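This document starts with one chain, in the form predicted on its own, laid out as structure tokens.
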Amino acid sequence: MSIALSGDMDEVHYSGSNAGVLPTDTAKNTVYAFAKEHGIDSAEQFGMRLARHFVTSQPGLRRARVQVEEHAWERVETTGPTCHSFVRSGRETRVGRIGYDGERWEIVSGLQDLTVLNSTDSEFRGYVKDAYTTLEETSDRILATEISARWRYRWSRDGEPAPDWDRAYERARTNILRAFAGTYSRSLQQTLYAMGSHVIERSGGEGGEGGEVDEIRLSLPNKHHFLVDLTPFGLTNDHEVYLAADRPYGLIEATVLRAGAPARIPADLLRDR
């Protein structure tokens, strides 16, 4: 978790007066205390509670930005009565970025490190070739990537019905995965657009009722898998043995917007970790 506070901070810079400065130690203690007193229903709800507290309790503060990372854990199954052991699950990391200026909210949720792979239904052909091109076209390849995504909710004001943050997160995650699995990919860019469109169009449930999400930004490193040449060993590799590259050879990033919505998610936010 990280907290950034801004407001009337002129004097601490000009004269060194700390009269308007809330110590970082206080912010840290507030997080601990709120977790104990209020619990954590969701990353978004907890971040909102903290942001509202900082902006409304300190007269010199005008804006709070709270960034939350949620790591999923699974209970270790045992044959005895023990139920206090957990193991970190293989899921992605859930993140949230909450902004509040005393009147309006800006809630950006997302995920990172969600690794996915399609073993077929992916090709790469028809690209530009010049004197330095050695890559051969393929009509059947492995498509693998590690998804990072951030999406911004339309909701921004108290008094209006807020999304159910946990359900909204799961819906976005499900739509990302459904689009990845259901798209015959001619390029990773095409797959990215399909994933973003699924989230925008179905953010209010099947059919898009409600339209909770106005914007989503995705970052997809292309994790190449190369078919291994087994002919020196007298063997035929019928798309069975691949070499997984130790680093991505390309990074595909883009923002998908609901029609008429502004782009507000910074291009580098997915690297702000």
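The shown structure was predicted, so the numbers you read here are calculated from the model rather than taken from an experiment. Numbers for residues come from their place in the sequence shown, where the first is 1. The term rigid core refers to the most C-alpha atoms you can superpose between the two forms while keeping them within 1.5 Å.
One more form of this protein should be noted, the form predicted together with another copy of the chain, which is absent from this view; the next part is about it.
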| property | result |
| --- | --- |
| is_contact(Asp268, another copy of the chain) in the predicted complex, heavy atom dist at most 4.5 Å | yes |
| Arg62 within 4.5 Å of another copy of the chain in the predicted complex, heavy atoms | no |
| 4.5 Å heavy atom contact, Arg178 and another copy of the chain in the predicted complex | yes |
| Contact of Arg52 with another copy of the chain in the predicted complex (heavy atom, 4.5 Å) | no |
| Candidate stretches 150-158, 99-107, 113-121, 163-171 - the one whose heavy atoms come within 4.5 Å of another copy of the chain in the predicted complex | 113-121 |
| Sequence-ordered list of residues in 105-139 near another copy of the chain in the predicted complex, where near means a heavy atom within 4.5 Å | Leu114, Thr115, Val116, Leu117, Asn118, Ser119, Thr120, Asp121, Phe124, Arg125, Gly126, Tyr127, Val128, Asp130, Ala131, Tyr132, Thr133, Thr134, Leu135 |
| Flag for Ala254, CA shift 2 Å or larger between this form and the one not shown after aligning core | no |
| Rigid core superposition, Val31 Cα moves 2 angstroms or more between this form and the one not shown | no |
| Core-aligned C-alpha movement of Ala263 between this form and the one not shown reaching 2 Å | no |
